[in-house]
Each structure stands twice: as structure tokens, then as C-alpha cells.
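Okay, here we've got a single chain as C-alpha cells, the form predicted alone, with questions on binding and movement later.
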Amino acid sequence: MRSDGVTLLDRVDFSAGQGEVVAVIGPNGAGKTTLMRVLANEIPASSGRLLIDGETPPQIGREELARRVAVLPQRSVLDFPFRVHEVIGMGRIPHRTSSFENRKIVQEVIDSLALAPIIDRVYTTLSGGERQRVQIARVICQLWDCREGGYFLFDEPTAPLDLAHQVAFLETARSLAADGAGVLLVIHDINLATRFADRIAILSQGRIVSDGKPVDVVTREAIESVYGIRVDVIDQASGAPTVRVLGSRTR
């Protein structure tokens, strides 16, 4: 995968399965968002293939693809004064379900994500964290009635959220996976990734340098090599290792 003569992704072989939460971590510029956009069929790869349940996107078709894959981009721009419940309801656009059914699904998502206090507010008046929670709800609403077999792709979903809502979102991600969905997260907080993800892939300079269980992937050697800082990794025996930063170092 190249852009302006720069290789963004190089020989990447990557998969995300239903029923699991997969986190992609790595430094800025590693190619995480590019990988997400390729998997979301937003940009074509210069070589190789994207397969969704064994089919290419053209074989699936645009409408059906939107009923299988829901994407939260790194930045969601919406400048019109819609009410929160209207924004969430936009997730139902790919479906042919009735208005009654759509309203029912929107309400279920609102209840599930504890958004009732703000559903009648104008979206443009919300804080950054509140807007992110609404966009997350819109994405979940898109596949709410077909979670089993669906795929959710979230690019830095926790960045604008406070700690409590970060944890709440990741618990929701685990719940979606338990319902049979595949959940892919691009996330910067390694310790949240090790706590909530079934698998972690480390991306560096456009290549996946490691992919596996958190306890196998998040090691002192791997983190120091990729991020160029001194760290200690503790609690590996628990299966959810914790990274503690000791200081910077020269590569």
C-alpha cells in the first residue's frame, strides 16, 4: 500500500474473527488508520485482497456490506443541528426495516449505552466526549439487530472519552463480541488493550511485527523496540500485562 511514493502498509496479513475483540496498537504513523480504512473498504490496497467471510466487497455489494460492517472513523464530522436520537438513528439507513422497528432499535441502543439524559439535545452543543459516545451509538445501531456475524471497526474510539466512559465502551465491545460480532479497535492505551482485547497486533512502519494474545505480544522487548522508550511490563501472569513507562531513550 503506497501513497505519494511512501509505503503505508507492507506485506500485511491480518484477520479479525467473529466473537473476538482485536486491538491494533503502534506509534503514530505506523499505518493503523490506513489498515482500518483498507479493512473498511474505504481505500483499495495496491496489492492483495480484502475478504469478508470469504467474499470480496464487490461480490457482497455496497448495501449488503453496510449491513455487515460498521465503521467509526478517527474523526466524525457533523455540523447540522440534529437531535442526538436522530444521529443515532442514522445508523439504520442501510436497512429496510420499518420505522417502528428502527425506533425500537434506537431506544435499545440508547438504553444499552446509558444515553437517555442527552437524547433530546442538539448534537452540535455536546462536548467532544459526548459527541463520541453518540457516534459510537450510531455505529452500534447500524448492526444492532445483526450483531452475530457483523463486524465493528473502531478507529481510536476511546481518545475523546474520560476514563469511566473508556471502560464502559470497552465493556460494550466485549459484549458485542460475546454476541457473535467481530470487533476491531485501533487504540493507543496499551494497558486498556491488554485488559479487554482477546488479541493484539502491533503495527510498526507499515508492518505487523507481532500478533497474538496480549501476554505473548506485549513484552518489554517488543514495546521498547517499537516505541523507542524504556518500559517495564508487569502482571504478565494474569494474562493482562501492564506497561509502566520508565523514561525515554534514544533509538
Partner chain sequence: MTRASLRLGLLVVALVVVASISLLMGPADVSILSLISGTAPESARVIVTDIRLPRTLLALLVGAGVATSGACIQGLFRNPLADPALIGVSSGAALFAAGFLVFGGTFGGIALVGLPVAAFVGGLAATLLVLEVGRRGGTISAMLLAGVAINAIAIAGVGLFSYLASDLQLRSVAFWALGSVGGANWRGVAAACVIPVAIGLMWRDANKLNAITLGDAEASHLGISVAALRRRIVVLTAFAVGIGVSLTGVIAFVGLVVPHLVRLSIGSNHRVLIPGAALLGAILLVLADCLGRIVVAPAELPIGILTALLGGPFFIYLIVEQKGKLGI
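Residue numbers count along the first chain shown, from 1. If you're wondering where the values come from, they're calculated on a predicted model, not measured in any experiment.
In what follows, reference is made to the form predicted in complex with the partner chain, a form of this protein that is not presented.
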Pick from 118, 161, 110, 71: which residue has any heavy atom within 4.5 angstroms of the partner chain in the predicted complex? 71
Answer key, the partner chain contact in the predicted complex at 4.5 Å (heavy atoms) among 167, 146, 93, 178: the residue is 93
Just one of 27-35, 60-68, 194-202, 218-226 has heavy atoms within 4.5 Å of the partner chain in the predicted complex; which? 60-68
Check whether residue 81 has any heavy atom within 4.5 Å of a heavy atom of the partner chain in the predicted complex, and answer yes or no. yes
According to a 4.5 angstroms non-hydrogen atom cut-off, is residue 75 in contact with the partner chain in the predicted complex? yes
Does residue 87 make contact with the partner chain in the predicted complex, using a 4.5 Å heavy atom cut-off? yes
Touches the partner chain in the predicted complex: residue 53 (any heavy atom, 4.5 Å): no
Within 141-160, which residues come within 4.5 Å of the partner chain in the predicted complex, counting heavy atoms only? 142
